[in-house]
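Considered here are two forms of the same protein chain, supplied as structure tokens in two stand-alone entries, structure 1 and structure 2.
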Structure 1
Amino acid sequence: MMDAGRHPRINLMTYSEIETIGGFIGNFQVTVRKKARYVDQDECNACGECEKVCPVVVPDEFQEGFSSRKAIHMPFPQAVPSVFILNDKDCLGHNPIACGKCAEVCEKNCIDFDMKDEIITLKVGAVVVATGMDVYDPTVMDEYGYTRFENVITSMEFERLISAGGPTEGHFVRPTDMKTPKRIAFIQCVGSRSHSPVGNPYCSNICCMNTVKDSLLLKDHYSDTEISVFYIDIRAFGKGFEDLYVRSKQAGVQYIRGLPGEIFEDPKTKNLTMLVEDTVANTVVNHEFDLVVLSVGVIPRRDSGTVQKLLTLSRTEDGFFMESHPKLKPVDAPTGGVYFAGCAEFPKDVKDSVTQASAAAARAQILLNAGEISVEAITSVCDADMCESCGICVTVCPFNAITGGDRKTKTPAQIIEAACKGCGTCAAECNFDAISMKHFEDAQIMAQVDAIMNNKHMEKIVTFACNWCSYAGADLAGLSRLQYPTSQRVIRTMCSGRVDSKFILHAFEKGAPMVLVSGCHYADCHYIDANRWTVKRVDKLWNKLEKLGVRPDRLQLEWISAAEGQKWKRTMTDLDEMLKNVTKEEVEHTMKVLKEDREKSEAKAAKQVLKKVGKEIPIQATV
């Protein structure tokens, strides 16, 4: 902490929040709001006179509310920077000044009630997201009585009570009678590994070892304490962890496999009782304790959504930030130039956090050290002359890589090549063919469809597969030697978002009995959420096909991940069965109606062009 505060190359901005992040890998523009702390950070010498005279007393968040602080306070004794802060929400009022006692006693005159938030602009090449975690709030789990029984505390509260810097200066006492408890229970997996609506299904990773540590701290301080730990599994998987677990057991800590259903309080003694089935001994025992510690899990930061939007990140189902690849790129965000450190990505202990933090720093240095980045050649380009400035491309781009597209100002869309990742969703969504996608151009893909359909079309399923998931899923199926019928023909695109409606309609018009669009699962899209537009498009096509008298189920949409070779095989086998049920007459009818429909809309479009050209000519004449 101290090192970060005094390093000459670290510009430490506390009490500050990111407002905007623009730009792209290597070239981000950031604005930071440095909130007014009403104390001159450079002048304050932390003498503490202001705090003494402040009349406002509020619960101290740092001490989990076990003690109090003033409106003007030091966040905690070792805070960096070591500077007081005036919390404007707690203060009696500084504008107009209602009290002003702190300013009167401050010898250095560093309290400034007129201080304003500052907006600071930065230009950076890389971003490390180390936004951390929040702690599970057990108030929703009524069965453990956290809101009803004072002697039920959380593991975070335990930390403050056992700490020498805590409200009791490390004298461990229970809240009801301020006496040192003799019988203490720890309940594991509170909010973790739970499929109840109020819990989280994942393992929080740190709580087992945290309890082992807590039990040893207690045994060190008060060797006669009786400690019972109620658990599902003890996960002591890291280096040195098993030793610590064994030490805890040797110190006499009881580990009992089984969780209590409910905790009851004796209204007189304030002791807590619980009935627990010991699933190892196959017994049901009623236990009584003086204090119960809920070993609460780790949750994603409640304000993760803010950073997620700022950097166009994705989150996995559990709410933590999604990495580029779970095994091979666990530190990189899908957004280029952004790296994860610590619990922002998933719950971690200190060692793992530090490890990932160093990894993130190293990953960032690869970029910074190179000094230049090679921009992906597979990007989209917009023909300004054809662009109608409708702005749909701007809406669908997951990377904010398109500017302009403003109908009011008639600004045509412009693609920032360095930010474009090449999913091709814009090209697929553009209604005016103004956007083309390099290396995956309409003509190239249409030519593939034509080639596939030019013989024995009745025997083939035209399959669009995204590079990252479905194509890789098909690769895995092959690699695993999974056997399936030969009817499928793959056309690769980088993302299912690239699959233009006209590719699908073209395939049907050319006689495809079945068409499959396949892509990554929802949260796994390599272009954040580009596949959301795939769904919308396919949905529209189903309606269109139905209206034209074409069986919509001849167009299929499947999410197949890179790990789902089996699903690829199953899908291909199922589709092959469906293929057999498509009749020649049906396909001929489809070819006919789609041709008519296309010709009709082409004629309409031609008319519109004529109208537009017709309008433009007199204008030019007057000029």
Structure 2
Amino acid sequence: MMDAGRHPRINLMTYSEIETIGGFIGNFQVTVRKKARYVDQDECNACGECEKVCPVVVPDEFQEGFSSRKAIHMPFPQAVPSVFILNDKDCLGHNPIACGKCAEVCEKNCIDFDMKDEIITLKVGAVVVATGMDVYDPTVMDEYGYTRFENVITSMEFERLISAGGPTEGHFVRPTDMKTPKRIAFIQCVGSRSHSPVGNPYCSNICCMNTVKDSLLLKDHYSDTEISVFYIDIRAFGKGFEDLYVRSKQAGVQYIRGLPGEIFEDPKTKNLTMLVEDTVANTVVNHEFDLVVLSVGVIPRRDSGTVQKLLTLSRTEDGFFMESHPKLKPVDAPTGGVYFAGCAEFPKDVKDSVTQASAAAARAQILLNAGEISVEAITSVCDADMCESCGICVTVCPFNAITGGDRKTKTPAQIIEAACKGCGTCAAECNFDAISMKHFEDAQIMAQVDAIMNNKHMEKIVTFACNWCSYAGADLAGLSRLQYPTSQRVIRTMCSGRVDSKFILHAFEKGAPMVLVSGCHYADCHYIDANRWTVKRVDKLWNKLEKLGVRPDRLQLEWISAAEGQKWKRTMTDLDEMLKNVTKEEVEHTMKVLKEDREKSEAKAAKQVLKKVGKEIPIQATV
């Protein structure tokens, strides 16, 4: 951080937050609010005289509340820039000034109570999202007594207590009596690998090795300490991690496979007792400790929803940001020109975070050095003459790649080609066929449906599969040599959002007994939220089919990921069984009612066009 602050080509903006981000790849406009710190950072020499006279004392967040700080303080010892900051929420008041003692003792007159927030606008070509992560709050897990017992602490609080720069200057003590504990327990996976409503199902990656490291630290400083680690599985998969794990066990740390059910406290000694099932020895044993450390997992930043809206990003089911492609573009966001680094994408240790940060910097450098960018070949195109400026395409675009579409000003939609990723949702939602998608045009997809239905249509299931997940899942099923019925005929689209209602109705009208629309999992769409429009579209179609007397279950919607070859097999097997129950008479009835409905719609549309043309062409008076 100090190197970054000293670098001549890096502008380090601390105590600031981004308010808006507009534009697109290579041409972002960023609005930054630089908050008033009420201290001139160019003049302050961090003498600390202001802090000494400040009468306000509040808990120090950096020290996890184990010590206090003043209203004017240094955020943490290694802060860059190394200057003081006045927290106006803690200050007794500066409008009007209620105290002012800090300003009185400042010899350099660098405290300015009239300082205001500054709005700065930046033009950038690329954005790296390195927002980090937050730690799990164990207060909801009452069985571990974190809110009831002072001697139950989190791994973050442990780090501050054992740190040389911590509140006890590295002398490890327990909170109740400030004595060095002799028996310490670590409980793993607190908030991780849990399917309960208060936990998270994923592994937090760093917790096991963090505990191994902490146990070695304790043994180095206090060799007579008895340490027990209660775990589900120890995951030591990194370079040198297994050696550290073995060293920890050789140092005398006891690893017990099993998690405690509940913790009790002795009111007099403040010692903690827990009942634990040892799943290896198949016994239930009582353990007594002086201190219990909860090895809490990591969670996405609590303000990640704000970042997601600023940059129109995707998030996975666990709340972390989703990359463009897990193998081919592991640091790229779905939004062009945006890259990920560190725990913004998923939990990582320091080594992996540095590796990804280097990759993100390299990707950004490639973009900035290119001068020009190569856009996707499958972008959408809008015909301004056909556009009715309804604005639906502007609403549905997950990348904010469409502007205009304003009926009041009659401004037709305009597609920013550099920002368009080619999901095709806009083309599917356009009611006036004004938007087409290169290489996935309506006529091309309709022709594929016609070819499928050309012969033996009663034996086939028309399947629309998204490129990134379902189509890849089908490919995996084939590569894995899984055996399943061959009744499906797959039509690849970039996204399930591209599947227009008329494609499905056309397939039924041509004699398809069943149609399947398949895409990414609902919360894992590679085009941010495009598949949500798929759900709305299919819901409307189910209602329409039911009104026309067609069984809605002949249209199926499934979410299949690229890793779910087995699910593709099960889905195709189930659909083939459903196919056997569709009769020829039922298909003929469907073809008839859909043809009649289409002809009515076309006749109605033709009347509207004639009416519109009649209004536009003035009738010339004859002399």
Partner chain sequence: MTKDENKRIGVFVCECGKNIAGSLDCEAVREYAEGLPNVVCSVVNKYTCAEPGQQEIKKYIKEKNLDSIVVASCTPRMHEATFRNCVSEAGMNPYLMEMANIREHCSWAHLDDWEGATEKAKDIVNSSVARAGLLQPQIETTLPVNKEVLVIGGGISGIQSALDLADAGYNVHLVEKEASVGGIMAALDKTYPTMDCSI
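Numbering runs along the sequence of structure 1, starting at 1. Just so you know, these numbers come straight off a predicted model, no measurement behind them. Take the two forms, find the largest set of C-alpha atoms that superpose within 1.5 Å, and that set is the rigid core.
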| query | So which is the form predicted alone here, 1 or 2? | reply | 2
| message | Taking 2 Å as the cut-off, check whether the CA of Trp559 shifts that much or more between structures 1 and 2 after a rigid core fit. | response | yes
| query | Cα of Val173 displaced 2 Å or more between structures 1 and 2, core superposed? | reply | no
| request: Align on the rigid core first; then say whether the Cα of Phe464 has moved by at least 2 Å between structures 1 and 2. | output: yes
| request: Superpose the two forms on the rigid core, then give the C-alpha shift of Asp539 between structures 1 and 2 in Å. | output: 2.4
| message | Could you tell me the distance the CA of Gln444 travels between structures 1 and 2 after a rigid core superposition, in angstrom? | response | 5.0
